[in-house]
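The data below hold one chain only, encoded as structure tokens and taken in the form predicted alone.
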Amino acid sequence: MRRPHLAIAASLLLVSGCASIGADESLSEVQTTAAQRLGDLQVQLNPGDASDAVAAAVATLLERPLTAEAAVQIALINNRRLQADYAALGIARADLVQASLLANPSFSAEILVGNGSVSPAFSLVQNIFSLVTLPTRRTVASSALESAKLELGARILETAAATRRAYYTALADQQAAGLLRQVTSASEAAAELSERQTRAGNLSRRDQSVQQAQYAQAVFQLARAEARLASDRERLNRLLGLFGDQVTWNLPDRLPEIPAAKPQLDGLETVAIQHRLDLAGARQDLQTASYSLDIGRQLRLLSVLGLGIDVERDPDSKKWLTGPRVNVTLPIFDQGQGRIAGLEAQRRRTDRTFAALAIEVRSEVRETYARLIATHDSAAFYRTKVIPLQQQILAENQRLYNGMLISVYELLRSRQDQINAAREYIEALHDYWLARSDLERALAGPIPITPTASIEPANPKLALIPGDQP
């Protein structure tokens, strides 16, 4: 089911963008291709007359805590660089229109003066060569337009993937910074207590220095985490095209948990080969280069073929003489050797580029899949083993402290250890969602999931976010 906030944005964009979609069939095809890989998300050109509707849609999406899907939706409709990339499609369409036009006829006039007489002459010549090559030139330009469509589609998917990565990074930073605030608060309490105990003579200066050093280290780590969070929020702002009051958006409290099911590697390489738009674009570039080479070979000896008519006034009879005119270039010096050699080199280049990209796509799928499985297992291990053990240690130390068998510093230290384990779990979750985003980018679409054994559910009492207490 489509999420409500995405449905709102989609409806606003469809209302504002109907005219622009209908006016550009090529852009509509790109939008359809991208939408097939992005699900409910809308890909929309933002013309000047639709800016108010886009701003309203963005404001609606920012009203509640930002989700990954909402972030990607905003980027697809509001990223200025992506909007600028749409112009490349207009350039390719203009090249197609130009390739469909005949060359203009040439007109010349001359006046010969001699022996007391004036003899004017006129000629009109049409370059038939442009007519002969019109279908082939249009074929090449059409192929180039298809390449531009695929390149733009790949750019859209890259923007979506980059936005997801930036979103999960910012969310992980926020959650980690919240936990560090807890660590800093606990360290500050320990440092203040140690100072009071030292003044009372119940604690040595050495032990007090240890507590002060731990507090200083916690303050330093928190400052670094907050700086990293601010930087990553701005990186996400750039991808979303936000500025001014728009940058005050909020994030959820925590990263989503890992899903229970893990994908299988079988068939993923085939999915990528079939769906990757950059690979399809490289294949189209190869076809364009082949068209250009075939045309160049067929017409290498002919560059000008002009047919026309000459009109000249005979100075003796004072009558106008009319006759046909033919202009043909003689391939004596230039037989297109350099041009054909360049086309052949371009054909070899695109062929090898396509082959190399196909190999890289397969390798990328295997690499990101292996990383996804490793991060999935790491996050599951932390959630089901490490975090519960730290919770048990804290509970046991709390019991011992209540019985006056350990000091408050040991209890605070176990609390810090539990929070640090939660931070490491957040890092594991962050790594998983980045790996998942990378695999989706490698596949140019969602990951097919084959259900496997579910992981053990986590203890719902675990303190993993700011504000939770053991």
Partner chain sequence: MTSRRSFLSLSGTMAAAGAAIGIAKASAQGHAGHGPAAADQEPQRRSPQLTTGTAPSAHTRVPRPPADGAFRPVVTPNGSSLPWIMKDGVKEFRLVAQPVKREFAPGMVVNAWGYNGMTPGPTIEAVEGDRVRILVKNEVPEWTTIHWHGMRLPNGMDGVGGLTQLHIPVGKTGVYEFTLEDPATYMYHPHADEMVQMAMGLMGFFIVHPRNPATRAVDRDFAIMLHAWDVKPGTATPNVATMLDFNIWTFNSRAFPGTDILAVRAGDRVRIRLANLSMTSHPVHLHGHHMLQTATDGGTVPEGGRWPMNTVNVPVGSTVDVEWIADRPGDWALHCHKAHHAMNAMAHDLPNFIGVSQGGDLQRRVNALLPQYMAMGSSGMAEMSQMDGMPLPPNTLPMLSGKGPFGPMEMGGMFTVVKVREGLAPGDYRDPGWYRHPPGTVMRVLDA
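Residue numbers count along the first chain shown, from 1. Just so we're on the same page, rigid core means the largest C-alpha set that superposes within 1.5 Å between forms. Nothing here was measured: the structure is a model prediction, and the numbers come from that model.
Heads up, the form predicted together with the partner chain isn't pictured, but that's what we're talking about next.
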Which single stretch, out of 372-380, 226-234, 265-273, 195-203, brings residue heavy atoms within 4.5 Å of the partner chain in the model of the complex?
195-203
Checking a candidate spot here: are 399, 404 and 415 all in contact with the partner chain in the model of the complex (at least one heavy atom each within 4.5 Å)?
yes
Contact flag, residue 175 vs the partner chain in the model of the complex, heavy atom cut 4.5 Å:
no
Tell me, yes or no, whether residue 326 is in contact with the partner chain in the model of the complex, where a contact means a heavy atom of each within 4.5 Å.
no
Check whether residue 189 has any heavy atom within 4.5 Å of a heavy atom of the partner chain in the model of the complex, and answer yes or no.
yes
Answer yes if any heavy atom of residue 408 is within 4.5 Å of a heavy atom of the partner chain in the model of the complex; otherwise answer no.
yes
Answer key, the partner chain contact in the model of the complex at 4.5 Å (heavy atoms) among 394, 210, 386, 307: the residue is 394
The one option of 363, 185, 250, 108 with any heavy atom within 4.5 Å of the partner chain in the model of the complex is 185
Quick one: once the rigid core is lined up, does residue 207 have its C-alpha move by 2 Å or more between the shown form and the other one?
yes
